[in-house]
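What follows is one chain in structure tokens, specifically the form predicted alone.
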């Protein structure tokens, strides 16, 4: 092992990582089920993490120098590794039980409106509740109700769905010159809102839609137009003087229903070839809704377990036709079955017509 690296073991899998790496980042290097879920952490946003508590893990050994276990579960997105640290995630009953409680807490005030929510099919909370939630809720009281806030011409806020992850606040802080929204009030009355009913109109403010892990912030230009699993995602780009222009188009036929950033396997925006986050501007997101505006690179790779992968046969290869190679020429099929079935017209040889047969090629008693 290099002197500059720390050895950390997560769920009995050992990996070497540089000092300053968090447990969550180390787990992402391993990948798979070892990686704790994260609803508030976003690697491209400074100071994110530590709010949702879904990434709690058990540290069974602090380090080689101090092997004592940590007395409580820790947030893996905020806890840095030490040399010799041993961590339990899915192998820890305590961590799994705590995560189950966190999910139940997040769902206490969350409305049961998945059938109408535009985030359905790509909602992190939906996936989290499926993997770690209960079948029912013990909450019997009225859920939170908020006044409606208009965030401008492009962004719709549903505060009842918000889990206060702060991601959209960090996006506005770090991508715009002057943030115009944030968390108002405290405790159970805390909510995302604009200051004095201002509109969010910065060129890059549309990225708050992409970082939202639930359906609290949605695209007004896409709302109620289509389900995400009925659209086909393709990677595309264009020359843009404001952003990198690297996007994901969601198509149905030739129609572009929406434009989003390209996401990596953790649901975060990808990096540009220069190593910077590939955030996109409002012009690319909301105004370039024609396929001719973009250079299509190819179908997006979608995890086969995702509902979005339904009907998308990316990389599907049809078997090669072997008969021409065997007989040395293209076979000709003789489909004149008129003498037997009296289906096709006597003067029509179905094997010689251009393209598929149509109604004009068959007998039609109504026209005779």
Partner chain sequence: MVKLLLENAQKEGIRFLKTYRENGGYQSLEKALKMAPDNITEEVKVSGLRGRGGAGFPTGLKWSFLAKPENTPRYLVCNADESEPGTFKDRFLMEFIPHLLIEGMIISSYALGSNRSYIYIRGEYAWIVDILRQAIEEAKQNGYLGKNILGSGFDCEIFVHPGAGAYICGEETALLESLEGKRGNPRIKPPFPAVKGLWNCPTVVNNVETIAAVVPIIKMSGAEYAKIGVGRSTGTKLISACGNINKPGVYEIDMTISVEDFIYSDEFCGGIANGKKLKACIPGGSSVPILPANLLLKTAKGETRYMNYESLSDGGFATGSMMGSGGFIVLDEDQCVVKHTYTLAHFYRHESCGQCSPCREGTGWMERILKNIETGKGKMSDIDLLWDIQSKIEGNTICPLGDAAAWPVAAAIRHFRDEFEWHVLNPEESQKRNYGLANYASPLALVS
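Keep in mind that what you see is a predicted model, and the values were worked out from it rather than measured. Positions refer to the first chain, counted from 1.
As for the form predicted in complex with the partner chain, it is not shown, yet the points below apply to it.
Looking at residue 53, you'd find a heavy atom of it within 4.5 angstroms of the partner chain in the predicted complex. The partner chain in the predicted complex is not approached by residue 195, whose heavy atoms all lie more than 4.5 angstroms from it. Contact check for residue 188: a heavy atom falls within 4.5 Å of the partner chain in the predicted complex. When contacts are judged by a 4.5 Å heavy atom cut-off, residue 174 does not count as touching the partner chain in the predicted complex. Taking a 4.5 Å heavy atom cutoff to the partner chain in the predicted complex, the contact residue among 291, 104, 83, 201 is 104. In terms of contact with the partner chain in the predicted complex, the residue from 295, 108, 120, 270 that brings a heavy atom within 4.5 Å is 108.
Of the candidate stretches 273-281, 140-148, 241-249, 258-266, only 140-148 contains residues with a heavy atom within 4.5 Å of the partner chain in the predicted complex. Using a 4.5 Å cut-off on any heavy atom, none of the residues of 209-239 reaches the partner chain in the predicted complex.
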